[in-house]
Ligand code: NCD
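Presented below, as structure tokens, is a lone chain in the form predicted alone.
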Amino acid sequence: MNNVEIKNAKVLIGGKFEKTAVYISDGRITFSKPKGKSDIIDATGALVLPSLFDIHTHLRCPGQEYKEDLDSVTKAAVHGGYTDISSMPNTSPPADNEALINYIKLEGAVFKRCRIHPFGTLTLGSKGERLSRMGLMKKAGAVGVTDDGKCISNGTIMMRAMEYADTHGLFIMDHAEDHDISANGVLNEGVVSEKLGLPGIPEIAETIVIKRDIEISRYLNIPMHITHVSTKRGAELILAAKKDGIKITFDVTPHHLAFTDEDCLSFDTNFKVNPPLRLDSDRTFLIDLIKKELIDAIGTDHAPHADFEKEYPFDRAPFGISSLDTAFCLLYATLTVENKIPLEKWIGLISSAPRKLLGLRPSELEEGQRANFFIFHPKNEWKVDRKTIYSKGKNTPLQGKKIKGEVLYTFNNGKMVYPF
């Protein structure tokens, strides 16, 4: 397509929906009909929305392409409305050097569907011992650093890593988990874990590290981002720190907003995630923070696994949900349909907010901007199954279920990248 006309849709402009035609001309957005012929998309009943940015995606490559590869992850992303994803460095080997950052950026760009913004590790091999080559990774295109699932336990090393990352202008993200406390836990510690006879992960495994990170951030006066916060107490600690002027931010996930530990009573390993699904009181508290506009971002924590891995018993199956294909639709069902939060009030948490956190230009539906947006029909229903999920990882608790709201088209840099 060259010129494109999208008609009969509601377009999110400046935080409000307007019934107007939107055009793509030379890869850019315009609200005036361009000269020449246009391909027409009749989007009656649909919404035109700014493209999404995922701040937390597990690529699985290089090294674990049987779980996910760059072809499948970029397909899953644009199918879900995402034109940008931030890749976590827990690849095999870990992305702790400039060569691997280069590989991820260059190989991901080959598919021309979505942009990949790589994170490097804070420490070599994510071992929590020696600092990684952050300066060289920054030059190669890394946007941030994290040891993600391997939280650095040594406070001194964490401080030095933050200082080094800050000198290179790298975004610092931490997965808050005290591994000595979480130990061999496989789900939230509480009534459900006792009923199932499985070892639990108490909330203090998360909150004790959040407390530490807050104090380090305060002492060094360096920004810190806590990813996938799952507990009411953890969020309360961060909000209190913000009031004290500490440069701390956080994100939550769609699954912690939609599900609770009671879903694990089914023994369905697709509900096994880290941090674990918590109590309904935690879930509703986080949703209330979205209503009050107190959460900084929503990240999918997309974690695809092979079928055989999730077929192990609950205590042996790996943690993680494959989310990119379904995240936006799940959020729409949870936040807008179930909790009556207007879409325009929370979509920024998965579009403009992550970009701003990483120092990138927000994607907005404005005259002259690059055409990065997607078309979503809120009333369409579709069945989540192996054929409709483009990620190699089919490990979603939505498998086999119908979900309301469907991404019809995704445009990146003025080109239609979904449908394929």
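Computed from a predicted model, the values in this text were never measured in an experiment. Residue numbers run from 1 along the displayed sequence.
Keep in mind the form predicted in complex with N-carbamoyl-L-aspartate (NCD) is missing from the figure; the text below concerns it.
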Options 367 to 375, 382 to 390, 51 to 59, 25 to 33; stretch whose heavy atom lies within 4.5 Å of N-carbamoyl-L-aspartate (NCD) in the predicted bound form | 51 to 59
Hey, in the predicted bound form, is N274 touching N-carbamoyl-L-aspartate (NCD), heavy atoms inside 4.5 Å?
-> yes
With the partner left out of view, is A303 within 4.5 angstroms of N-carbamoyl-L-aspartate (NCD) in the predicted bound form by any non-hydrogen atom?
-> yes
Does N270 reach N-carbamoyl-L-aspartate (NCD) in the predicted bound form, with heavy atoms at most 4.5 Å apart?
-> no
Is the gap between G141 and N-carbamoyl-L-aspartate (NCD) in the predicted bound form 4.5 Å or less for some heavy atom pair?
-> no
With N-carbamoyl-L-aspartate (NCD) left out of view, choose which of H117, R283, H175, H79 has a non-hydrogen atom within 4.5 angstroms of it in the predicted bound form.
-> H175
Only one of G190, G149, G128, P223 has a non-hydrogen atom within 4.5 angstroms of N-carbamoyl-L-aspartate (NCD) in the predicted bound form; which is it?
-> G149
Residues in 315 to 344 that come within 4.5 Å of N-carbamoyl-L-aspartate (NCD) in the predicted bound form by at least one heavy atom, in order, are F319, G320
